[in-house]
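The chain below stands alone and is given in structure tokens; this is the form predicted on its own.
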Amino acid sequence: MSIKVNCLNPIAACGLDMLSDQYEITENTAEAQAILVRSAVMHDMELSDNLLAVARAGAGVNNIPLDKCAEKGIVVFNTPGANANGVKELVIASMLLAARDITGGIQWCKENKDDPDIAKSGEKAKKAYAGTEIKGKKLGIIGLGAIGVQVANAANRLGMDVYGCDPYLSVEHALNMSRDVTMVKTNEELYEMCDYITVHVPLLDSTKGMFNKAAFDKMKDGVVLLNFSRDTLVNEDDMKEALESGKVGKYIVDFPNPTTVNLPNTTVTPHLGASTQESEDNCAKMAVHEIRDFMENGNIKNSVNYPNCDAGVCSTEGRITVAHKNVPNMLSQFTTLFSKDGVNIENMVNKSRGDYAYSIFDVCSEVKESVIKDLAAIDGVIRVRVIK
């Protein structure tokens, strides 16, 4: 029986080509065991009992009802880092555009294209578009995940003095970051010293509106702020005042809305950060790999609503996975049922995340259907799957 996959948005062919003959693309979301999505909004969707997993080909998951999925045992994945290089390159390009009025110069040439003496006129006009170099300037990076670390390393190689702040910096990202990047403990330290500030954090209750009047007041006069994360990280009324007063010299934002497109001294792009062919291909391939590993092995990697839990490829007689509430006495109830059935557990992995947990059991003999039903009947169990 094939595993049915629905694509709510067009997914790069190089990713879909990774699906084996075991999978079938379906247009019917109600029969799909897995959904691949990019920007389609799922909050009002009816989530079928058949649905086991959703993979977002990208990093942001605000278009997916994470809690609702978790309650039904639907694991939601994203693809962190797959689009990091595309975003990094646009951030670097935007800093250069902010430092030198390149777009203004291009526009001047277009407006004066019929001037036979444009070369001579240009020599006089160019001082209006003069700027500064970024070498030697101080760049502050808030959030040193996959994108932030790449921006830090690239800016460092361009001769900038780079400062970073991330209380949740992972070992992996720390090892990948240039030793020349200076870490600080608070955003306020960055505000006080940096000429450029770029933000790479998710939208959470704690980060919404984090750039407001109180933050701007602590920044250097004329600071350049780059926002390729989410527009709602910025209090736009406060940003307007900061731009009009010159406190913020320029604002570069990748999210057009009726406010941002009318802000002074602001460059707005139409969410181009990850819109490269390479980024879309990388996201599609990572999303499909996550779906396959989950469907075929029961493993979870890069989930945003369940814990990462990896038991590798099953080499025993069978594998059972259980999505359940993170409450006491769950594991003992599971093992008791296996024991009563005379089933030996060869390997067990259990991880938790907030209110939810996930367990993988590799067993040495076939598990009776009655035991599976008894597992599913335990209070707090959300979903039981027989992988093998």
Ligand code: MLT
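Residue positions are given as counts along the sequence shown, with the first one as 1. Computed from a predicted model, the values in this text were never measured in an experiment.
Keep in mind that the form predicted together with this ligand is not shown, yet the notes after this line are about it.
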query: Residue among M219, V253, A146, A274 with a heavy atom within 4.5 Å of this ligand in the predicted bound form; finding: A274
query: Position in contact with this ligand when the complex is considered in the predicted bound form, options K137, K285, R292, R230, heavy atoms within 4.5 Å; finding: R230
query: Non-hydrogen atom contact A59 with this ligand in the predicted bound form at 4.5 angstroms; finding: yes
query: In the predicted bound form, N83 touching this ligand (heavy atom, 4.5 Å); finding: yes
query: Stretch in contact in the predicted bound form with this ligand, which is absent here, among 50-58, 317-325, 358-366, 24-32 (heavy atoms within 4.5 Å); finding: 50-58
